[in-house]
Ligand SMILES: Cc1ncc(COP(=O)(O)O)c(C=O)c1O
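In the form predicted on its own, a lone chain appears below as structure tokens.
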Amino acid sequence: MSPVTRWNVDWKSFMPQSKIKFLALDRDFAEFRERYLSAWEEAVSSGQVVGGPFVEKFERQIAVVTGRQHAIAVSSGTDALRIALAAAGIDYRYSVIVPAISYIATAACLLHVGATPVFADVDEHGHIDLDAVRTVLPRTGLRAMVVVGLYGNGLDANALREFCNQQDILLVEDGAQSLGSSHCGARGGGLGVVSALSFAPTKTVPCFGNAGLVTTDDPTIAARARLLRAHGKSNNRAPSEMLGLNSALAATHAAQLSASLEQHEVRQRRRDSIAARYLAAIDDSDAIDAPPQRSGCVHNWHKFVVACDARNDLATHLSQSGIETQIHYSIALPDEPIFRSSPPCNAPHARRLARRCLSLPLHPHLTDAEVDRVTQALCSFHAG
């Protein structure tokens, strides 16, 4: 079956026709059932269900995709960021700049390693604003910065590298949403001294469970990350060289992810196609703002996030049309209670985005008819 026709499969047998799900991992399983079951069976029958050759194969694959020298698989994207920070030496001595809007783990992982988050506002892309960063630089202890390719939009890698080199700041990438994105050739998961990736069920390469991965070109950081994922041990009988976690990736997850990764390019083309149709539907809208595009950027469309002053009205309108939506993210990070001890942050752009953002369903298993329904609902909202 060709990539063009496969997306028009009749899914009536396992999904109510009237509802357009925000995420449809059941369809992914239905499409690749035999491939996934074969991968799982091979992993289980090998007798090594944690770590081992299936995990090592997946690590090699992601190292190639991200252009990194080293890839270390762990049990979740949150663990990947926590381990990446610790492996880079970030601890209680560090105050670390982070964007004022992202998933909670971006900043919470800093608390786990003892560092202090210092928030900076974001630009129109939802990326950390370097002008805002300059306003907090005079504060003592600012020695590192975590950046996020929010929603899968490629980061301006050249500007970030130049800035961090000039300021002698350690650059860390939270690439949980970034696999497959790029900007001017710099690939998601390949930015900074170390990066953290996620393969949660919502991601562009989804795991039927949880998985994460640390990437780096630094052999010392890679070695530390491998120790940190295994209680600081190089093997079960070795002494613990540092305080670590139990974060080994299951072989079954790795085998399934390797099989899933084979479909990544086909899925990405479908995401691109759907995003293009959504963009066309709201191109002339005064009520709905489209995701901003940056020249030279490859967006992976992990999320398709519009902005609307009447966000709740738009969500209700789409729900009444049988279309599920979500909000990413409704609270700016400086306003989360767990960060009340962090320095106060003037982040008007992040807070405005939190008030206005709405994520539309965009996954590669949407049918053409379902995409039509979404675009028609968008058009009817801004026409009204």
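Quick note: we count residues from 1 along the sequence shown, nothing fancier. None of the values given here were measured: they were computed from a predicted structure.
We do not show the form predicted in complex with the ligand, though everything after this point is about it.
A.B. asks: Give a yes or no on whether every one of 86, 169 and 194 sits within 4.5 angstroms of the ligand in the predicted bound form by heavy atom.
C.D. replies: Negative, none of the three is within 4.5 Å.
A.B. asks: Ok, 268, 260, 76, 182: which has a heavy atom sitting within 4.5 Å of the ligand in the predicted bound form?
C.D. replies: For this set of options, the contacting one is 76.
A.B. asks: Heavy atom within 4.5 Å of the ligand in the predicted bound form: which of 130, 71, 298, 148 fits that? Just give me the one.
C.D. replies: It is 148 that has a heavy atom within 4.5 Å of the partner.
A.B. asks: Is there a heavy atom of residue 278 lying 4.5 Å or less from a heavy atom of the ligand in the predicted bound form?
C.D. replies: Outside the cut-off, so no.
A.B. asks: Could you tell me if residue 245 has a non-hydrogen atom within 4.5 Å of the ligand in the predicted bound form?
C.D. replies: Outside the cut-off, so no.
A.B. asks: Please check if residue 136 has a heavy atom lying within 4.5 Å of any heavy atom of the ligand in the predicted bound form.
C.D. replies: Close contact is absent here: in the predicted bound form, residue 136 is far from the ligand, nothing within 4.5 Å, heavy atoms only.
A.B. asks: Residue 142 versus the ligand, in the predicted bound form: is there a non-hydrogen atom within 4.5 Å?
C.D. replies: Residue 142 lies outside the contact set for the ligand.
A.B. asks: For the chain seen here without its partner, which of 116 to 124, 304 to 312, 174 to 182, 235 to 243 has a heavy atom within 4.5 Å of the ligand in the predicted bound form?
C.D. replies: Heavy atoms within 4.5 Å of the ligand in the predicted bound form occur in 174 to 182.
A.B. asks: Mind listing which residues of 313 to 348 have a heavy atom within 4.5 Å of the ligand in the predicted bound form?
C.D. replies: Counting only heavy atoms within 4.5 Å of the ligand in the predicted bound form, the single contacting residue of 313 to 348 is 329.
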